[in-house]
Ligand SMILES: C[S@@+](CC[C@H](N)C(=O)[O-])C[C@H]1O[C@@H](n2cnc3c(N)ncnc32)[C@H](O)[C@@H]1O
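Consider the single chain below, provided in structure tokens and representing the form predicted alone.
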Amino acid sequence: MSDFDPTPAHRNFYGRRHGKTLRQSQKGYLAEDLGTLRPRGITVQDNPGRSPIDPAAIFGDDRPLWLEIGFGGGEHMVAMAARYPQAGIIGCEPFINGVAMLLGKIRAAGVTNVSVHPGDARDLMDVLPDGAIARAFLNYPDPWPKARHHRRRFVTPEHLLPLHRVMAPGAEFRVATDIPDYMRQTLEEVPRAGFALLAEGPEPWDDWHSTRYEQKALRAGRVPHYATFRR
């Protein structure tokens, strides 16, 4: 084994990377579509020196960039892309089954203002310049319910401080979860990282598009909560 490990020394805030065996159509999406949708210079393998990238190169223009951290099955990301064609939406998701689901939804919707990093959002934040992101979403993140794992949650300084750096002044950060303790930690930690709380409660945003994880939570009788912060 080499002494050099190209993987960043991050604590994972996500769970598994692979799930059920992919369908042939999903394998096709990954083989045919992912290559053209991936932003360049994000991974350690592509950019070992972690040189800052040019955000305008992702979509070829200076449109506002939005970031979805862990897009799950892609329902929300594709809906936002269709509703806001003037924005460029970058989604980061390490779970390859979710990536495959997103790619199928992108094909079906015909949206072109999306970019997909099949990995850790911190890979992207490492190489974005200050103030590059105009809006960010954290929808139904892995709850890490055991107390000893709470430090793995995204809403910790390890993740929030880099997010604060790459977001533009005045940019909006939205968080949705059905786990009361996750929202508790969100309301404690996000303001400490430099964000101002604008709203929190059981009512979603006017343009909210429910996700498969939210529907699962509702079927189980759990109550979603939504929080809006400003950078």
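Here the structure is a predicted model, which means the values were calculated and not measured. When you see a residue number, it is the position in the sequence shown, counting from 1.
Separately, the form predicted in complex with the ligand exists; it is not shown, and the next lines address it.
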Does Arg23 make contact with the ligand in the predicted complex, using a 4.5 Å heavy atom cut-off?
no
Is Gly70 close enough to the ligand in the predicted complex to count, meaning some heavy atom within 4.5 Å?
yes
Is Phe95 near the ligand? Define near as a heavy atom within 4.5 Å, in the predicted complex.
yes
Is it the case that Gly119, even though its partner is missing from this view, gets within 4.5 Å of the ligand in the predicted complex, heavy atoms only?
yes
Please tell me whether the candidate spot formed by Tyr140, Phe154 and Thr211 is one where all three residues come within 4.5 Å of the ligand in the predicted complex (heavy atoms).
yes
Given that the partner is absent here, state which listed stretch (161-169, 198-206, 62-70, 34-42) has heavy atoms within 4.5 Å of the ligand in the predicted complex.
62-70
What residues, if any, in 172-193 have a non-hydrogen atom within 4.5 angstroms of the ligand in the predicted complex?
none
